[in-house]
Ligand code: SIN
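Below you will find one chain, with nothing else, as structure tokens; this is the form predicted on its own, and questions on how it binds or moves follow later.
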Amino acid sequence: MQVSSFENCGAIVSGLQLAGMTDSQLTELRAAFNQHGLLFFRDQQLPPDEHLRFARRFGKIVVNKFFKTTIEHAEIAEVRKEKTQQTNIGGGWHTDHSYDDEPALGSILVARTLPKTGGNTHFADLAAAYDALPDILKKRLEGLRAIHSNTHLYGENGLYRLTDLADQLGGMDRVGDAIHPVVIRHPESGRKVLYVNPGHTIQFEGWDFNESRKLLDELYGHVNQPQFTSNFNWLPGSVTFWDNRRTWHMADNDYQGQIRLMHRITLAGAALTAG
């Protein structure tokens, strides 16, 4: 197995088939995942049964509250955009499941049907972004907590509910909020991570909304710089595995009139602790 850095965020893993890998290879993969927080794989033979098998070897699966799942497997979510749809899922920077009290450990996304062009996914490294913050800003963030929510997206009048994706969504009765430290200590790597994201972070606990937005927008602008981001071009057989406690991601919506179908499995995490 070979691991090489990819652009400014993540790493490419080669010389490994996720289906049928050995226990020693799994140990190596865990180490690479903890080091990089984002892994890319090419030319994988990973049908749904093997997708599930790999996920279960790595951790416990958690089912998304809102996405439809495949008919055959209730633990595999469909990230689908039909030819006739204009809106895509995950079209802005976000972190999966940050609105849960115990945010997801990670997500494993497998390409099933791809457009001829477009549909790339962008990623950002929040550990590297934190390291590069000015000391005065790091000091300002100490002890802060932020409110994360899904109501504005999946609630009765949420953003996605008002688009042509509405028929693909469920779980409107399960919307809600969670509060997490703004700077967390990654449970495996021990690194400090900036844990806010544009998709789900609403404001700082105890702060005025407008004052929260000023600082959040400053942080978002800092993270969204080339030195912290990468852009992955999907090909048949591609798989990504990202750490939701350390990364953002965002899917391009530049393939109108074409179908894009991905299968996603999300791994359960635990409550986060302050860095």
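Each residue number is its position in the shown sequence, starting from 1. The model shown is predicted, which means the values in this text are computed figures rather than measured ones.
Below, we refer to the form predicted together with the ligand, which is not included among the displayed structures.
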Given the ligand in the predicted bound form, answer whether the residues 109, 242 and 251 all have a heavy atom inside 4.5 Å of it. yes
Look up in the predicted bound form whether residue 192 has a non-hydrogen atom within 4.5 angstroms of the ligand, and give yes or no. no
Should residue 186 be classed as touching the ligand in the predicted bound form when contacts are defined as heavy atoms within 4.5 Å? no
In the predicted bound form, does residue 168 come within 4.5 Å of the ligand, counting heavy atoms only? no
Flag residue 79 as yes or no: does it have a non-hydrogen atom within 4.5 angstroms of any non-hydrogen atom of the ligand in the predicted bound form? yes
Interface segment, criterion being heavy atoms within 4.5 Å of the ligand in the predicted bound form, picked from 178-186, 141-149, 89-97, 201-209: 89-97
Select from the listed residues 13, 265, 18, 262 the one whose heavy atoms reach within 4.5 Å of the ligand in the predicted bound form. 262
Can you name the residues of 116-130 that have a heavy atom within 4.5 Å of the ligand in the predicted bound form? 121
